[in-house]
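Let's start with one chain on its own, the form predicted alone, as structure tokens.
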């Protein structure tokens, strides 16, 4: 038995599985160690049956369907008789624009910010409550969000895709949510009427969301030191140093009063930054690898409480009120501190279980939890005792 399979077996002797609602109406699927084939079209009539399967087969990956079926074990999809499906969002660090330049820890932090933005849309714009939403660390490089509410069960693929379009601002007409307005000259110190972009922070949906984001953004920029503000502004797509300085210098007290009143000056610099701000605000579900997860009404998603075969971390539920406190490299770790001799294949640094490791290439003795993580990720090999 391989090192990883042996460790997974020790976990599955007494796992912390979170069974999905109406678990007996779900299809289950598993990928075993040293196999590429997915064993699927499996159903269970009791929780003990699931636990027994995990213990007997020790899968590297375990999944269940977002859909409910009348006959979940039927081998042909048409014979399963679809009854509805939860709404699933899969936020994965691999699909961040700068993913290649991020460490594992940095990537997880960025994806968590996307998760928080997603939650604001689901709760503020769509009206879902905390009881409707379940959050999970995927065990890999991201997070899963499950919406379990009767109102979403019968949504088709196209309707689910439209939910993604809304959240990611795909197809959003900026002119419809940020209208132009002519203000009379006597309101200001000029002789002519002034064109502005009218924003309304009190509106619902994207109109209010954009307005509040713009106001908060410019407040933050104005309160920063000059060079720090420039650095922050140039992070926005299409904004160079010259434009950034012009925006920062233009943020006078008078202009901030107008912005807070919902009047964004229609100067070249401010027009240039408006659309990129919307893009920055939208959730990064734009990848081709992500959208099908939400649109798919028969999707397989990782089983909460199971282990991820490429990290050894547990698919872990997250308290929606404690997202900021959740640390995957502590809270999703299931293995202990017994020393394991490994051959490290790549120099690296990582903080795990609140311990910071600087690992050199070559032989090393590491805590079991770190050894499992590195071996699963192909960054180390176990030395024989």
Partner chain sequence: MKEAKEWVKEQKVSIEEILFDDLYERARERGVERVRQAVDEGIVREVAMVSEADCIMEIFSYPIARMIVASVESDYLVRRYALAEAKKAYESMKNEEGSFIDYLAREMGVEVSGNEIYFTDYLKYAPTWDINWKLVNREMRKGYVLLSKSEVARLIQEAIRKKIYNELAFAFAPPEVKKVFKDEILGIKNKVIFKEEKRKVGEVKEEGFPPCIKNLIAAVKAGINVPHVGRFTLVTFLNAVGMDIEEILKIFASSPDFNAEKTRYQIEHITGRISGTVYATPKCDTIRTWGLCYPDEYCRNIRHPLFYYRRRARK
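Note that the structure is predicted; figures quoted are calculated from it, not measured. Positions refer to the first chain, counted from 1.
Just so it is clear, the following notes concern the form predicted in complex with its partner chain, a form of the same protein that is not shown.
Proximity of 21, 49 and 62 to its partner chain in the predicted complex is absent: no residue of the three has a non-hydrogen atom within 4.5 angstroms. Looking at residue 173, you'd find a heavy atom of it within 4.5 angstroms of its partner chain in the predicted complex. With a 4.5 Å cutoff on heavy atoms, residue 224 does not count as touching its partner chain in the predicted complex; it lies far away. Contact annotation: residue 205 falls within 4.5 Å of its partner chain in the predicted complex, judged by heavy atom distances. Interface membership of residue 126, defined by any non-hydrogen atom within 4.5 Å of its partner chain in the predicted complex, is confirmed. Note on contacts: among 214, 163, 281, 236, the single residue with a heavy atom within 4.5 Å of its partner chain in the predicted complex is 163.
Interface residue among 81, 260, 94, 154, judged by heavy atoms within 4.5 Å of its partner chain in the predicted complex: 154. Look at 109-117, 146-154, 71-79, 94-102: in the predicted complex, residues with non-hydrogen atoms within 4.5 angstroms of its partner chain sit in 146-154.
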